[in-house]
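One chain comes next, on its own, written as structure tokens: the form predicted on its own.
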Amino acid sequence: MATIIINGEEHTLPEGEKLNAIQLALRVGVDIPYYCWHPALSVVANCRMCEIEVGSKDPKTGEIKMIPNKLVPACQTPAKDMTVLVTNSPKVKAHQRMVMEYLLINHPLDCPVCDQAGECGLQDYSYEYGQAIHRFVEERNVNPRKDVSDLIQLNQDRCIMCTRCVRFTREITQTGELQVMRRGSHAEIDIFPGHPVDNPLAGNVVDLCPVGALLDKDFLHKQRVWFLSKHDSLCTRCSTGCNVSAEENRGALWRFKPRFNPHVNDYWICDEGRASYKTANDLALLAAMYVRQDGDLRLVPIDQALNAAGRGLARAAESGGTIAGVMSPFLTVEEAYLMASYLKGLSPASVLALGPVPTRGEDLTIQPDQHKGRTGDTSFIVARPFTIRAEKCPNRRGVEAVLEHFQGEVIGFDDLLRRAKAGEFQALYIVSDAIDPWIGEAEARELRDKVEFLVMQDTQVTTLAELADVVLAGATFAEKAGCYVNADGRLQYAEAALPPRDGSLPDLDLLAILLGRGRGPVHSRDILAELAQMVPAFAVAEGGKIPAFGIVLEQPEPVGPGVPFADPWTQPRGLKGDRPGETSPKGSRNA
């Protein structure tokens, strides 16, 4: 076990961990400012902001010898036994003020109109480590704004040449669209002619930029970040299950940003997932409950629609007819559990099927360069591949696990459709929540003709909803909390980011009311705890709690000896040093 001295205090480093001075200092609550370093990228030490005094302690005599007349970049300084680090000396503070003054020489100081304001490294460090006096009186370099892609704008005046974006395109995506052109005060970031930054992970260069140089044109000038409420959520556009921060204001989502998870998406999200937040703001979403009366669907209060659905399904069970339920792979595991419990409670002969599983193309795996980047913490996955799945739903494996428990097999939608067309079912309860169309008009009409009673629970206005006897308006991914099982079998939790739309209820509440569990909101944590007791596959979620990074269903996953490092400029603010541990849902509907 190594002993390191930071600002006169001794700290220990567990065996097997390899950290640099920045990571070790953060581990013990000491911030060393930096710009260019990132734990997933190679070390270049060109911003010089992290320079500190470094020395060593003789273990026999206890004598401390510092490197004379020199400051050393903390990002390049390994934390070894008897290393001595000084981060708060007058020399270090004077150096930090000098570096901040240098970085701001050509900066336009346009914070009032900059989209990065409120989450900017220049703002924060200028306040903490800079100085009020600016001595540069010569004419500043002025560079025009330019687009490096259809979605990304580069404001070169604000760039501090940290080269994070360049290293990302060379080391992570290995597409190499960005480069540093020219030298000295004329150096600037640019694309190779005819090669815009349009790789599948291109938007991450905006997240990596610690200042306001690279901006997302989709978010540009739409919101101030200090007005946004941030919720720990998951991307539901494919079965990878990337961890994201869903950021909302006044009942609308404004952007997704990646959240660090070393077992799933590392620090990144794909551009398709990044743009998927918009589906939660669709003005055409289903926003009312309907019951068919005198041949027409009529808008009714929520309780009346639920009573009609419950009476119709119960009547079918009491008459000896078979009820079929279709459970969407977009449902949370808690919702799937309540739906299966409800239909099997009405009749043990009820048939449960997995809804259509949307797929598009083939899996696309982006393998980072194994010879660059990933300095420091080696207790977690190194240079993890990033996979964009062809399976475009978040929870097929979770719903299948529920189906296996309740009926011992997974019935596919095509099989159920065939049986329904043969007239096997008297009543049909479909919960969709799918984003894209999943059934054609002719097929929907044929299905409707073969069942006496149809309940459709969805977020979209579809042909099948227009043909149903009862239409229940469910929740989008952003309006509900719960757990999903990704393609690797990892159970992960997502908070609700938005309140339910007027006229709708979260699916968990709708199903709980049908089950007779009261009319108040239910909590996903309580349902997850019940699920863990009843379904062996989910026993790892005992008590309704799962670790911060999720947990593999098959077996508990041990946490490594170290604490993963969440880069403060890449992560949503306030998530420095995202620590693994037990968490419970909180702060949102269905939490």
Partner chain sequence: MHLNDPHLKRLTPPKLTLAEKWYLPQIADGLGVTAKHMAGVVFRNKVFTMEYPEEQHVPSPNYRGVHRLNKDEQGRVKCVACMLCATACPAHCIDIVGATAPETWPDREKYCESFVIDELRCIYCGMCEEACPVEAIELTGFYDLTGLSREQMIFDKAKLLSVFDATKDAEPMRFSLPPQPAAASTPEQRTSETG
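Computed from a predicted structure; not experimentally measured. Numbering follows the first chain given and starts at 1.
Not pictured, yet referred to below: the form predicted in complex with the partner chain.
Stretch-level contact analysis of 450-458, 138-146, 337-345, 424-432 against the partner chain in the model of the complex, using heavy atoms and a 4.5 Å limit, identifies 138-146.
Contact here is defined as any heavy atom lying within 4.5 Å of the partner chain in the model of the complex, and by that definition each of 113, 220 and 250 is a contact residue. This chain is drawn without the partner chain; in the model of the complex, the residue among 418, 224, 186, 360 with a heavy atom within 4.5 Å of it is 224. Of the listed positions (106, 462, 199, 155), a single one reaches within 4.5 angstroms of the partner chain by any non-hydrogen atom in the model of the complex, namely 155.
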